[in-house]
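Below are two forms of the same protein chain, given as structure tokens: structure 1, then structure 2.
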Structure 1
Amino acid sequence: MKSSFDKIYDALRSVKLAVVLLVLLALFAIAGGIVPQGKPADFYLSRFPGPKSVIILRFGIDHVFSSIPFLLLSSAFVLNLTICTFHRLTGEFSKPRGKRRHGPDILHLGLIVLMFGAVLTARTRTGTTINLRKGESADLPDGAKIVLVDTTYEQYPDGRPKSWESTVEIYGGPSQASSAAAEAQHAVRQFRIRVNAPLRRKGYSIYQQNWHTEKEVVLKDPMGMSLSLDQGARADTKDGFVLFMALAPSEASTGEAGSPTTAVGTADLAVTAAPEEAATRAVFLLEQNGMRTVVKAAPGEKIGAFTFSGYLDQSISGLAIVTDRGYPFVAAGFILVILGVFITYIRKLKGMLA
């Protein structure tokens, strides 16, 4: 006679339960694969008119993968997998050495490690994007500073992006630098970050996430010195200032990452002289002796004591700074899963070729 504990144990480690849970997980994923996830409620009301949107919102189909039923189901699956894995593993160890088959064990263990990593990622991953112009800096999670030294953007002849790359310098670091590694982090070092080639630092990684251009205005002061202003920036004068407010409406243009509308090679400060830009007007706020006026001007015109000499395209590099404590576990899980699945089937398929 089996005790009820044994019965529960047997049920929890059964492959039948695994099949049922796998099918249920697939059904949840299908719901999440059909209905766009994580959009605002209005989106569903307009996209799925009538009772459909009510069902979607009521049952959390707009965020299936973080909904309670899905998380409960996943937990049940992990429990099933864990019990089953350890049961099989102990069974395998009680066999004579030559008869053991550890492929499925390695694979199942890898999945457990992977799911542990997934939970860690879901709970602790942080990601922020910083937008840097050449020469600008930002703080990093470990207290170090990152400075954008240069950006390069290349295009194919058809206008599609070929590469984005940022050259950065990192200096400073964890305040109590004692170990040799921390010392190394202290020194100023130059790195190149490209799409698909992130910069790995202790505890976080930096990714080239996007790239775009913004127009700056170039002004000449009475002495003939050039200075450039990005939107919202001002240049002070003896009796007031000039502030670059915006490009005149309908004339604004920025290049979005991936499909830039403005062609830029390297981010060298070269004043653009494209004919269509010569006519583009910019809006300035001018203060002289306490009097403020809004001035619209095209290149060549005067704004107070300055001459508005033209525009330049400033490239802005979007860098994502990500901490993900789960990923090392995920990566370890991946290695085990691949090892396990190949060991399992290479053994099984030996002799398949006639």
Structure 2
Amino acid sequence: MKSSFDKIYDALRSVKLAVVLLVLLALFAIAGGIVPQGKPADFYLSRFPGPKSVIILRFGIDHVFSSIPFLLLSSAFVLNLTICTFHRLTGEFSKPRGKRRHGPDILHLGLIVLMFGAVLTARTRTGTTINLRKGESADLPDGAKIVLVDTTYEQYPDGRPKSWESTVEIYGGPSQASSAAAEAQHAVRQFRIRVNAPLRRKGYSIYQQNWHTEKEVVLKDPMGMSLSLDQGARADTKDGFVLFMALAPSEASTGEAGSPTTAVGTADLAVTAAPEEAATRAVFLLEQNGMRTVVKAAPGEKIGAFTFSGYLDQSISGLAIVTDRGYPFVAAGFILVILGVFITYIRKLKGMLA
């Protein structure tokens, strides 16, 4: 008669338990794909009225892959696989070397490592997004600095996005060599980041998340020198400054002579736009001698001592910096699973041909 320990041991390694756990995990995964994740509680109360919202919030379906029920099921499945693998390995090692079949054992080990990595990812994964213009830089988690060198955007003939790509340089960090050696290895420090082709570094990865353009305004001073301002930036003058606030639709009104005019808050600062000007206007905050005025101007118009020359489209690359401690385990798990399936298939094929 089996002892209580033997009964528990047999139950934990049973195939039936594995099937039940797999079905439950699959149901949770399906629910996580159907129900939007990470929304506020009010979202689910309004979107899924009645008992549905109660079930979603109580069982953590609003954050399935980091919820306690999902993690408990995952842990139980890992325990089942571990005991099953141990039991099978002890049986295989008792056989002669030539009759051992370790393909399923490697497959089970790969699944264990894969599940461990997935749970670790669900609990520890963090991410942040940085938006860089050409020449701009940002700090990385390991103390290194990333600089955006160039951006490339490709489209299909019908206008659909085809490819986003960022060329970056990375300086410093724990493994940075001497300055002379680093300068000699300049090309090595330059990387390309594409959608679905992230840059992986020790402890984190950098993904190409998005790409867009923003308009900068170009101003000319009385000497004819040009300077560009992005939104929120300002250019100082001897008696004040000009600050680029935002873009606004043209709101021209017709003056006495039939040409559109835009009032800027004081009678002595009226701005006249060309009749054919229908482009988007820019909103500026103008300070002169302590007086501040909001000015809406189109290209060619004066803004204090400056002339609004036009717009400059600036490409901005959105990069996601993701720290994922579980990724190495997930990658190793996939390799072991593939290796286990391959060895099992080869051994069975040899047996059929023997």
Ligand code: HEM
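Bear in mind that the values here come from a model prediction, so they are computed numbers and not experimental data. Counting starts at 1 and follows the sequence of structure 1. We call the rigid core whatever largest set of C-alpha positions still superposes within 1.5 Å between the two forms.
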{"query": "Of structures 1 and 2, the form predicted in complex with ligand HEM", "finding": "1"}
{"query": "Core-superposed comparison between the two structures, L312 Cα displacement 2 Å or beyond", "finding": "no"}
{"query": "Core superposition between the two structures, C-alpha change of K238 at least 2 Å", "finding": "no"}
{"query": "Large Cα shift (2 Å or above) at L109 between the two structures, core-fitted", "finding": "no"}
{"query": "Cα shift between the two structures at K202, which is computed once both forms share a superposed rigid core (Å)", "finding": "2.7"}
{"query": "Backbone CA shift between the two structures, L45, after core fitting (angstrom)", "finding": "4.8"}
